[in-house]
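Given next, in structure tokens, is a single chain: the form predicted alone.
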Amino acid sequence: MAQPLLSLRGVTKRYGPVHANSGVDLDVMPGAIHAILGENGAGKSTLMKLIYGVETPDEGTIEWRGEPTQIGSPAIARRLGIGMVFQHFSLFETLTVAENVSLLVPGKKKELTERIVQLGKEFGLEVDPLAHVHALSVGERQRVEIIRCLMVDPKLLILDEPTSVLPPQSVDLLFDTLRRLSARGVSILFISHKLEEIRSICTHATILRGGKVTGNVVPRDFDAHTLATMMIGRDMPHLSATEPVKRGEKQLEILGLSLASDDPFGVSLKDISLHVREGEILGIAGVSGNGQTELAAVISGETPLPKAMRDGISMLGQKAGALNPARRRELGFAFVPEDRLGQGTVPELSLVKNSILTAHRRGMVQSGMIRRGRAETFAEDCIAENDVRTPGPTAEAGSLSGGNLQKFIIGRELMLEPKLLFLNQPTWGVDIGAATAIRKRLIELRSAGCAILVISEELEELFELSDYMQVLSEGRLSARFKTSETAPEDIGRAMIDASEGAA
């Protein structure tokens, strides 16, 4: 029998009273594409950090090629031949793509630049090597992480939610790459909440629940529903179809807005028109890097509009072009940003303090002083109502798993009872059970009369949620599609050319 490339025996990691991993046994065979399954907070990312040397086990042993080893740092892991693509990116935003790659990959700038372009074309991970990371979308940053990892020729490649922000065609290309790597004997540890992807690509799966291994299976032997039930230990929440409600007044309207990007690597918006009414969900589809970041910044108020364009956007019955983000929120607007660490929350602050950032008008501030009791109650309610797995409201936002932090952010905004809600990539990195619960709550909110705008690269999500859809391509929006009368192929064609669409 072949010897495992990597073996874990009785690995335990504690953070105070919390057991992130407890007595974990794991064998990863050469050439295996091995999934780690579990709901948010099950201990998946912590286990990967232990293997990559970011964290050190409190108990247990790790063997590499049959020999006990201590992986005390990522540098040691890389020397062994272990590479990792993190769910939350580890890139310096003020450096270019090529400069970020050069921090881990030796070589001259010209050679690295050519290699980045070559890998991008080969694997469908195109990105400008001279672009500064701060100017890239989340999807483009993901590509940089994957390219950088592939350039060090790993023996074991750890991928934490690698397809969360990739378009379908890039996912297919990535999977082709992973299969080629597997055929060459490279082992891959694969974390994803997309169970059909796991059934398609993975040869093995280990299931974690509450930090413990609860099973080892061959994914393709089970359907996605059964895998989900094994993963969360209970029946899946059901997202029932709802009848459209009577639409009311327009709560958001943008008319013919064109805005040149200040960033040489950004995407300029061209003749953008959209509207969202009360009791309606409008979904914006599109491949990452086609203007989603720029459109979101205009709607949230982060990008100030020139005077001549300010009449082009109305929100909740008022001209909003001159209103900053705080003033828009005062009208009844709430926003869930794409970047949950840094924009959605301050990672170093507690959940209580992160509640105050957008919910301070809920009686948390009086005469300029914070009413801590009110803030703590709000955070506790948000945690309880949204099943956020955390030791408590004083935990730092950055200590939560990505999916649990996303549940907290969305819960915080929903507790504000908005009249207009805007969500950018609402279920990125969220497990299937939590994602279904989030979508269910959004549909209920829409049915109660809220106007909701969703930007998502998950077509399946938009077809589940949206009453209407538009496609963003190269900074242009297609005409509106009525979701009930539209096929995924129609949206796919519009992704290629946003000028094609249905009125």
Partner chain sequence: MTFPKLVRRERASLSVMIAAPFVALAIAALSNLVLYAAIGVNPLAVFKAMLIDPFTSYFSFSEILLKAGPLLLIAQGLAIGFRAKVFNIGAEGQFVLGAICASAIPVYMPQATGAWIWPTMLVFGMLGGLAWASITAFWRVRLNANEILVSLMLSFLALQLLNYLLLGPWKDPMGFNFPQSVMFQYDALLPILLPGTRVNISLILALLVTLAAWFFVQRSFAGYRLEVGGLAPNAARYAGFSQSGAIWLSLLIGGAAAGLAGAAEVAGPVGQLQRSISTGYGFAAIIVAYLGGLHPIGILFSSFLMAALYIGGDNAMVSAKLPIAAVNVFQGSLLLAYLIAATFVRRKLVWPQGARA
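Rigid core here is just the name for the largest C-alpha set that superposes within 1.5 Å across the two forms. Numbering follows the first chain given and starts at 1. The model shown is predicted, which means the values in this text are computed figures rather than measured ones.
Below, we turn to the form predicted in complex with its partner chain, even though it does not appear here.
- A residue is said to contact a partner when one of its heavy atoms sits within 4.5 Å of a partner heavy atom; Pro57 meets this definition for its partner chain in the predicted complex.
- In the predicted complex, its partner chain sits within 4.5 Å of a heavy atom of Pro337.
- Taking the partner from the other structure, its partner chain in the predicted complex has a heavy atom within 4.5 Å of a heavy atom of Gly344.
- Its partner chain is not shown here, and in the predicted complex it never comes within 4.5 Å of any heavy atom of Ala183.
- Only one segment in the set 219-227, 119-127, 143-151, 411-419 has residues whose heavy atoms sit within 4.5 Å of its partner chain in the predicted complex; it is 411-419.
- Proximity to its partner chain in the predicted complex, defined as a heavy atom within 4.5 Å, holds among Thr214, Ser399, Ser102, Thr96 only for Ser399.
- Checked against its partner chain in the predicted complex, the candidates Ala395, Val276, Ile158, Cys202 yield a single residue with a heavy atom inside 4.5 Å, and that residue is Ala395.
- In the predicted complex, the residues of 366-391 lying within 4.5 Å of its partner chain by at least one heavy atom are, in order, Gly368, Met369, Ile370, Arg372.
- A movement of the C-alpha atom of Gly53 reaching 2 angstroms or beyond is seen between this form and the one not shown when the two forms are aligned on their rigid core.
- For Ala437, a C-alpha deviation below 2 angstroms is recorded between this form and the one not shown after rigid-core alignment.
- Here Ile62 counts as shifted, since its C-alpha moves by at least 2 Å between this form and the one not shown after the core is aligned.
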